[in-house]
Structures are given as C-alpha cells and as structure tokens.
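The chain that follows stands alone, in the form predicted on its own, written as structure tokens.
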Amino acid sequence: MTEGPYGNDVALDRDAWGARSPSQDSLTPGPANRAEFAAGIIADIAAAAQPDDRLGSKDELREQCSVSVGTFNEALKMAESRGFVTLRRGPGGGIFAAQPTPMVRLGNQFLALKPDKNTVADALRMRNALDQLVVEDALLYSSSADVSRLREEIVRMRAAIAANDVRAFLHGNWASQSHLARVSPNQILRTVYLALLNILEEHATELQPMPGQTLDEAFAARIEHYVQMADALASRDREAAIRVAIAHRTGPQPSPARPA
C-alpha cells in the first residue's frame, strides 16, 4: 500500500508481523522498513498484554526486536503515535500497553485488511455510500481556498490527460476527493473515507468507461464532475452538488488493472 496515515505496507499486514521473528530483521531492505518491522513486534507484544501492563524497558524490548538503538527509538515513536503503547519515565517506568481509543481501534482494523479480488469493488461501494455525507459537509464548511485547491487539481488532471498519464490522472482524482473529505469536521467520516481512498489509490489503476463510452469520454466526464462540484461549492448550490455526487457514483469508475 502507498504511504498513508498509518504507515507503509509492512505495517499494514498484521499477519506478516506474527509470521516473522526478530531474527528476520536482516531481511528488510532499509532502516524505514526495519523500524516498521520493529513497531509491528512492539504492537503485537502490546496486543497480547492487558491495558496498562508493563511490557519491559527499552533495552528489554529492543533485544526482542533485534534492531539498533536508533531504529528501535523510531519504532517506539511509531508504536506510541499509533496508540499501541505508552511510555513512563522515572522509578517504575518503562513501556506499557495502551488502552486503545475507538479511533485507534478503527485505524488498526484498516491496517489489518488484506486485499483480495473484491477489494476495489468493496471500497468503491463504501466510498460511494459516503459521498453525499462528504459533499454535505463540504457545502457547509468549505472555504474559497478549498474551492481553489479543487480547481488546481482539475488543472493537474487535464495536464495528465494531455500527457496520456492515467496514473497521474487517477492520483488527481483521489487528491480531489481527499481535499473534499478533509473539509469535514466529522473525524470518523474523514478517517473512514480517507482510508478508503488510500486503498483505492493503490489498487485501482485504470478508469473503466461506461458501456458505449470511450476512455477519452470517460476522462472528460470525470473532469466535468469536478468542475461542476467546484462551481456548486463556490455558489453553495446544494441541489447541484448532490446531483453531481449522484453522477459520481454512476459514472465511469476506477478499476484494477485487467489481466494482460
């Protein structure tokens, strides 16, 4: 998976954490991956403990991870920022299993997902179901700067079409939707929607035209969607924005690459 709010693909595959032992650290190619690997080990140790249990000192846990001091410190920062552990200093201090918040648990459930043949279809179905909520919040909370960012992304998508760069076009597609989602003050909606976009950006690498539609027409339809959405947000036209959101669900859809 591409780099996202929860880290890279090493962190996403919880089964891989359990399947690998600390001695396998030498198999990971670089410091960032070694830190992710160690963070996974720390997370697994914390998950096996009760909240507030002492997991050990830094030296004790570093030995279990079989990494350098610098790599371990980076891994510990990751594990702490993701809500797996808490650190306490002074007498009786050490590293303790954290009590995950509902938001942390939600994020961790996305981390544990393993892609299969239904991944893109499932993610699209969920994203489409949430589109109207995202649009409703964008109508209420977007600023002129938000609309300008959307229009800038449209310019980049047009340039991608001119360069025949489907990947760059789809990146602009996800970035545009991400801009809209980040406007929402609803933390749960943002978390779920952005996680779905992260899944789609990795796995949906083509744009599937509608029946009887050429690929160029599919690109044009997508561009027109964002132009109309930007106009609707600028004028606070709820009816137009909802109409565009519905068209978004029924128009050309991203899809995985087809077998050669």
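What you are looking at is a predicted structure, and each value in this text was computed from that prediction instead of being measured. What we label the rigid core is the largest C-alpha set whose atoms superpose within 1.5 Å from one form to the other. Each residue number is its position in the shown sequence, starting from 1.
Omitted here: the form predicted together with the DNA. The next part is about that form.
Using a 4.5 Å cutoff between non-hydrogen atoms, Gly83 does not count as a contact of the DNA in the model of the complex. At least one heavy atom of Leu87 is located within 4.5 Å of the DNA in the model of the complex.
Residue contact with the DNA in the model of the complex: Asn33 places a heavy atom within 4.5 Å of it. When contacts are judged by a 4.5 Å heavy atom cut-off, Val135 does not count as touching the DNA in the model of the complex. Proximity to the DNA in the model of the complex, taken as a non-hydrogen atom within 4.5 angstroms, holds for one residue of Arg182, Arg167, Lys114, Lys77, which is Lys77. Proximity to the DNA in the model of the complex, taken as a non-hydrogen atom within 4.5 angstroms, holds for one residue of Ser57, Ser235, Gln208, Thr214, which is Ser57.
In short, of 42-50, 214-222, 60-68, 194-202 it is 60-68 that has heavy atoms within 4.5 Å of the DNA in the model of the complex. In a rigid-core overlay of the protein, Leu150 has its C-alpha displaced by under 2 Å between this form and the one not shown. Once the rigid core is used as the reference frame, the Cα position of Leu233 differs between this form and the one not shown by less than 2 Å. Taking the rigid core as fixed, one finds a CA shift for Thr71 of 2 Å or more between this form and the one not shown.
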